[in-house]
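Before any questions on how it binds or moves, here is one chain, the form predicted alone, in structure tokens.
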Amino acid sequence: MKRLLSWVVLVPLTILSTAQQFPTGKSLIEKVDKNMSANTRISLSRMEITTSRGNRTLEAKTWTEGDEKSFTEYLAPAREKGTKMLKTDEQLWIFSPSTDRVIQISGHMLRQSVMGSDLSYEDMMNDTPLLEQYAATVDAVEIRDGRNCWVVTLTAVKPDVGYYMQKMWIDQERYIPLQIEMYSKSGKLLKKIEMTDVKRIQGRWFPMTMVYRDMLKKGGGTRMTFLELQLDAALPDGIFTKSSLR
């Protein structure tokens, strides 16, 4: 009986000790941001979109500065070649070569799909550091893709965020999210991102493949693969001006 009582007492103490060893959510998200963020970024990417009506593949080159400026030019297929997108602060413009027009995307249009993918314009616009939008708590430890991960819940602290809650599985060694789930305020799962092919690039870890799934639509998701990636690279002069759209 004494041995049983000792075990009963020991288990809660062990659980409490393990919980106390959890890092804070804030410290984990800071490490994720530091790992994946860069002053500037130049990337060549392939986007493979699988829908109920078929498959599409696009290639694009993107120049990014911080979390406020980005410029993307689509290179393929021929139908989309020459389409350009410019983001500065909270504004987004798109140039379509087929119409030879520049239009601004705003309001409810930001929730529309980008090129028929599982990403919305709002998803592409939102590069604000997570800790400016969410409070983070560490809930558990789980294995994801064979790696030990911290399970972190992010709850919105601002009313204008795209997703009220996010759940992340963060690699304990590399501080990269291997999976992210986005939820509405009602608790409905809206989108899911899976990150794989993590590589060491210029002293930091980065997932070279990301699969996005809009849980409210049919289809096999959108696979984004980085074919080339440069961090903290020099950018062309004037790339983030509306004149670069034409």
Partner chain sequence: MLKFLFNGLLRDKSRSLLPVIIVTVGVMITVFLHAYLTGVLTDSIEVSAKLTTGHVKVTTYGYEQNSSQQPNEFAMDDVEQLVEELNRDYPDIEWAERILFGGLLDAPDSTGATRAQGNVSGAGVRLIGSDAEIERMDLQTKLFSGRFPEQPGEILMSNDLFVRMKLAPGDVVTLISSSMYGDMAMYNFTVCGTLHFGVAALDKGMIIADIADIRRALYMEGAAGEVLGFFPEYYDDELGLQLQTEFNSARLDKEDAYSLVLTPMSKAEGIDFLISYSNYAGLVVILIFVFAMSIVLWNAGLLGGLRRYGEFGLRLAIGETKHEAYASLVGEAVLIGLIGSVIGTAFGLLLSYLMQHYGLDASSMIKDSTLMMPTVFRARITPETYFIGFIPGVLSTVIGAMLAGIGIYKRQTAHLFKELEA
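Everything numeric here is computed off the predicted structure, so don't read it as measured data. Positions refer to the first chain, counted from 1.
The next section is about a form of this same protein that is not shown, the form predicted together with the partner chain.
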Handout entry: the partner chain in the model of the complex: contacted by all of Ser52, Met115 and Arg246, heavy atom 4.5 Å
Key = yes
Problem - Option from 68-76, 142-150, 95-103, 160-168 whose residues, in the model of the complex, bring a heavy atom within 4.5 Å of the partner chain - result: 95-103
Completion exercise
Note: exactly one of Arg204, Arg213, Arg41, Arg56 sits with a heavy atom within 4.5 Å of the partner chain in the model of the complex, namely Arg56
Practice task
Find out whether any non-hydrogen atom of Tyr175 is located within 4.5 angstroms of the partner chain in the model of the complex, and reply yes or no.
Solution key: no
Exercise for the section: Would you please decide whether Ala135 lies within 4.5 angstroms of the partner chain in the model of the complex, comparing each non-hydrogen atom pair? Expected result: no
Practice task
Give a yes/no on whether Glu122 approaches the partner chain to within 4.5 Å in the model of the complex, heavy atoms considered.
Solution key: no
